[in-house]
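Considered here are two forms of the same protein chain, supplied as structure tokens in two stand-alone entries, structure 1 and structure 2.
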Structure 1
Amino acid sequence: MPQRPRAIVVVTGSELVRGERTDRNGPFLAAEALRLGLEPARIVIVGDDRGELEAALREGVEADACLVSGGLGPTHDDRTVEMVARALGRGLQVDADLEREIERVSRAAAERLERPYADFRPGVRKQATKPEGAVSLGLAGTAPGLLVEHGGKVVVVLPGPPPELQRLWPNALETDAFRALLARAQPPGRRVLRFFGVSESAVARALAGAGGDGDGVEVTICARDFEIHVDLVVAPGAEARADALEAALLPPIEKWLFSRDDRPVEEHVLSLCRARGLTLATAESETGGLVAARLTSIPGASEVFVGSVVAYANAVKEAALGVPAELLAVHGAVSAEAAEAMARGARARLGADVAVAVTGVAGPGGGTEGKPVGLVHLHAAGPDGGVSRELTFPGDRESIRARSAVMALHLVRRMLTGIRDEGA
């Protein structure tokens, strides 16, 4: 199997190398590289230090594709273009057309901000300066994305802000140089298996029992968001091997398979409701709106999702969901009875066909001997009945809340698909 062209991603940003912000450009560019048939070999994050940036770029330009983000601004701290030129051993030159284009944008900004254009002029000249042979990929504000071809390899330089990077990136793919590189790459096939309710080690054992990966099929097993995500990267020509591997690995774990695509569970839930003409609501205590927020993150949610009551205080459980005060006094707010009453109340008060309720102890405080931190009661109610679950989750507040929200979504999914297995 021929080697895929190698890609190295270099991300610059002092707030990134200091851990003050999580980088999004690295994962985006690496995933794009993989999708296009390149092999993402490393992602390097550096700050403003000239030496670190130059070292990272000198290594980076040895790859078939060096994808760089950040440091394209007009100030002296923005050194990416200069360092790319040094790493390639090329000179810098001002591109007159580009300078005119950037000047136009700058003059408009100067007018809008009521500042003299003279303030902007040095920055304009700087941003119109590019390595010999570079082509512009278009402007993000006043910063041009750039692509430099060198000996069949490419260096792509993009702005730091993720939306701007993602906007200019497709222009890099349209260049002759990048197309030529991709012609040498063979985009792999991608297959996705998503499981819920089974452990990562059980999935790993199923894979090992099926012969493991190799021979053109690379398998990654990843516990993410309390689900188990299995990704198969299938080299061209290895499709039959991938079919056989899938057929061998699934049987012991198939009942926990919930998706063969990338759609998040909330999208599956909305789909299942939409297909049956059902409306959906949530009643949340401990998750505080997380389940509703996940459902409403999907465009078109309003076709199915009608609303939610976040009943944090007991008085609100009574007033807004009709949970009897006596029930709360006898069983407590964190109980199977409360979860069921909340779900029933959401259906009635919000006029929904299906409702899921979550009540639990998120921590760090609030736990008792009988009801420790991490105890969660859930109930999903629909036209054909309901299903309850009780779990105790480990971890901190954030983890317990996130896991409860995922569990609520899968509980509804399983109720709608008629699955009654216990799973995790």
Structure 2
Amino acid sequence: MPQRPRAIVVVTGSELVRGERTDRNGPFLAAEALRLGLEPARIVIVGDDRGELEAALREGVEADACLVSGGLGPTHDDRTVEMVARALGRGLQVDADLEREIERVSRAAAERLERPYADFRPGVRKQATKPEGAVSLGLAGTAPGLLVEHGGKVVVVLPGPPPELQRLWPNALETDAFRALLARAQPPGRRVLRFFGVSESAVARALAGAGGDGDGVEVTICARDFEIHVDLVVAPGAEARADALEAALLPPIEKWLFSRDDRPVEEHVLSLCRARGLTLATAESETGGLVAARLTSIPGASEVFVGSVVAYANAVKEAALGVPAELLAVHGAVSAEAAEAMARGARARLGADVAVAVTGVAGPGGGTEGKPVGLVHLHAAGPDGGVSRELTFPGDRESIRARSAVMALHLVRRMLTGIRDEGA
């Protein structure tokens, strides 16, 4: 198979290295590189130290595409442009047109903030400085995106805030230099398989039994909160090999396959409800609204989702969901009986066709011998009856709550599709 042009992503910012913020730009740029037919070789996260940044960029510019984010601001520790120029062995120059553009934005900001423009002037000149030969990709705020072509390779430099980076990224793809690079690329095909209820090791065994990847087909297996995500990246010309691998891989584990696309489980749940003309609600205690948040993150959720009751205290369970006080006294708030009553109450009080309820002990305190930390009760109720699950999750409070939300969504999906025998 022909070798695809390589891409290295360099993400800058000491706050990322210190763990104060999570990098979102690296995964975005790597995914875009793969989509366009480049081979993402690595993502490098580096702080603002001159030596560290220069070393990362010197390695990066050896790739066919070096995609850089961060370090384009007006302050002393924004060093990306200077270090890109050093890595390429080029000088720096002030772009007069870019300087006027940044000045216009900065003067408007100074007026809005009632500050003298003199406070902004040094930063304007700094941000209008670029490596020799670089072209501007436009502004996001006062930070310019830049592209430098060198020997058939490209360096793309974009701002650190993800919305700004994503706004300027398409401009890089429209440049002659990037188009020339992409002319040498061959975008691979991608196939997506999503499983629920099967272990990662079982999927790995199925893959090995199918002959494994290779010959133009690269397979990745990733476990995420009870879901196993299997991606097949298929090089041009390897489609027949991918067909054969997929046909051999699926039989031992196909009963756990729930999706052949990238849609998250909440989107599948909404689609199932929409297809049957059903409305949906949630009743949440331990998860505190996480299930509802996932559902409402999907555009168009309002066509299906009617609302949620976060009933943390027993008094709210009784008043808002109609859970009988005697039931709570006998069985407790963390019980199969309470979960079922919460789901039925949500259907009745919110006028929904389907409701799912979650109650549990997220910890770190509050557990007992009979009801340890991690114990979770779920119940989904619909027009055709209901289904319950009792689970005990390991981990800390955050992971227990997150896993509970995932399980609640899959419980609804199982109920709506008539599946009763999945594991997990």
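Here, residue number means position along structure 1's sequence, counting from 1. Because the structure is a prediction, the values reported are computed rather than measured. Basically, rigid core = biggest C-alpha set you can superpose within 1.5 Å across the two forms.
Engineer: Report the structure number, 1 or 2, for the form predicted on its own.
Structural biologist: Structure 2 is the matching one, since it is the form predicted on its own.
Engineer: Just checking, between the two structures and with the core aligned, does Glu174 shift 2 Å or more at the CA?
Structural biologist: No: Glu174 shifts by under 2 Å between the two structures.
Engineer: With both forms fitted on the core, check whether the Cα of Lys126 differs by 2 Å or more between the two structures.
Structural biologist: Yes, the C-alpha position differs by at least 2 Å between the two structures.
Engineer: Would you say Glu239 moves its Cα by 2 Å or more between the two structures, aligning on the core?
Structural biologist: Moves: no, less than 2 Å.
Engineer: Relative to the superposed core, report the C-alpha shift of Pro74 between the two structures in angstrom.
Structural biologist: So the C-alpha of Pro74 has moved 2.5 Å between the two structures.
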